[in-house]
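Only one chain is included here, represented as structure tokens and corresponding to the form predicted on its own.
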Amino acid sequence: MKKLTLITTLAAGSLALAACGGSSDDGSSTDEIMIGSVHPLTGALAGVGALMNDGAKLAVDDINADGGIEALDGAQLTLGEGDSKGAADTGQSEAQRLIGDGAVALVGTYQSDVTTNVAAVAERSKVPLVIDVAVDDSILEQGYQYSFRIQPNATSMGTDGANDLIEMSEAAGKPVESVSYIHIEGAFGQSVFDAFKAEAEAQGVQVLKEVTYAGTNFTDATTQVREAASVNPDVIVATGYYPDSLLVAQAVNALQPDIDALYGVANGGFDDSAFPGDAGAAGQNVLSANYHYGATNDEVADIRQRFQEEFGKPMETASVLAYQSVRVIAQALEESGSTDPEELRNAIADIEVDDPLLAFDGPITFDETGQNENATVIVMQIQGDAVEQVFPEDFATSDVVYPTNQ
């Protein structure tokens, strides 16, 4: 069931009229429509945050080059940029600033804790938020009407991550029987771990150890990997962001525990295209269950090539999701023919994006909570200097290597 279409007239109209493009309900017209982008542009996550902001920027440029929003007389999109600095309070104030500046919708934010605050701002302001990356289930469990998420949620990622590991290891003739799990503290890591553990144990796989670490001032994962390996698991599973995940892989490589695989779930590092080069030998054959751009999609290849040419860096999956989020808002603007946040929100709730840029099982559609119903987790593996899609077969670009020390 879709989110219920709201029929009440809400106070957001004044905000909309301040920002609208094309012809608005009061007959006025402007030439530009602002979308607000909130990502970590400074701080420890500035690398991925900048890529995501650039992904949103490229989407705006592409839509404008294609004639803008036709239903609104070719109104051009603009991108209002907000820097969360990786902090929830700052993300919240940046979202408020962008809405005050006239943003008719928001995209963001990469971190669950930041997105929780930004979603609350969107709800209070009655301005739609399209979440590109933020996994925690609780964000959409608040009964919000203005927040929508394209990526899989934590339960989906943890559950599917466990399922994929079990199926993949059984197919390889080396079924996993036990794991140790290392994850970053906070809503992101804990929510994915909880879902993984529930599914793994339901299928008879023992979760022998849960090892956590603080995301700040984390410079060496040796202690955490040694603790995880101390109970002799078949697999070490890891959930974290890029810098800490790189340290985990390096520690596993240094300590050489007797395991079948290092396996990421919702891991922000293991399927990043920079990871093979940064990790070197520590990255080889590392597995990662995650959402991913459609590696066999010609349009995605074109977008990623142009991104590389314009910004000088590879367009990672999180950046593709930011691009996709802007396209969802643009399609909703076309279908509603309005910049009124209420009408825009209703158009997003009812949207069907038939050609998603991600490796999903179907079109982008949102359920009554705002969650994309067809968001899919697949498994990637570092092979040589490439990130290959290896499981399931429908999305595979290469055969999986398992156990990974073959």
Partner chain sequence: MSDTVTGSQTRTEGRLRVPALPLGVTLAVVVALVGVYVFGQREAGLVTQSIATGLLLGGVYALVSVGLTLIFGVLGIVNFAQGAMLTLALYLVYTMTSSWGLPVYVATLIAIPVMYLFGVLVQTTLLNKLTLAGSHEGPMLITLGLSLLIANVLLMIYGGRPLKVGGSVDGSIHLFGAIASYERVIAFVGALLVALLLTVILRKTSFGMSIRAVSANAQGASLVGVDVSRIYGMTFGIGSACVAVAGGLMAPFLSLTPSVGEQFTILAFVIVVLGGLGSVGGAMVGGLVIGLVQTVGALYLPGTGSLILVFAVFVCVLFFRPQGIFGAKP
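Numbering follows the first chain given and starts at 1. Computed from a predicted structure; not experimentally measured.
FYI, the form predicted together with the partner chain isn't displayed, but the following is about it.
Novice: Check, residue by residue, if E185, Q224 and A274 all come within 4.5 Å of the partner chain in the predicted bound form, counting heavy atoms only.
Specialist: Yes, the whole trio is in contact, each within 4.5 Å by some heavy atom.
Novice: Within 4.5 Å of the partner chain in the predicted bound form, counting heavy atoms only, one of 72-80, 92-100, 325-333, 245-253 shows up; tell me which.
Specialist: Only one stretch qualifies here: 245-253.
Novice: Does D220 make contact with the partner chain in the predicted bound form, using a 4.5 Å heavy atom cut-off?
Specialist: Residue-level check for D220: yes, a contact with the partner chain.
Novice: In the predicted bound form, is there a heavy atom of the partner chain that lies within 4.5 Å of any heavy atom of F307, even though the partner is absent here?
Specialist: F307: no contact with the partner chain in the predicted bound form.
Novice: Tell me, yes or no, whether A202 is in contact with the partner chain in the predicted bound form, where a contact means a heavy atom of each within 4.5 Å.
Specialist: Taking the distances in the predicted bound form, the answer for A202 is no, it never comes within 4.5 Å of the partner chain.
Novice: For S138, is any heavy atom within 4.5 Å of the partner chain in the predicted bound form, or not?
Specialist: The answer is no: S138 has no heavy atom within 4.5 Å of the partner chain.
Novice: Select from the listed residues E167, D278, D194, E177 the one whose heavy atoms reach within 4.5 Å of the partner chain in the predicted bound form.
Specialist: If I apply the 4.5 Å criterion carefully, the residue I get is D278.
Novice: Heavy atom within 4.5 Å of the partner chain in the predicted bound form: which of E316, D132, D260, D160?
Specialist: None of the others qualify; the residue that does is E316.
Novice: Residue by residue through 41-56, tell me which have a non-hydrogen atom within 4.5 angstroms of the partner chain in the predicted bound form.
Specialist: Sequence-ordered list: L41, T42, G43, A44, A46, G47, L51.
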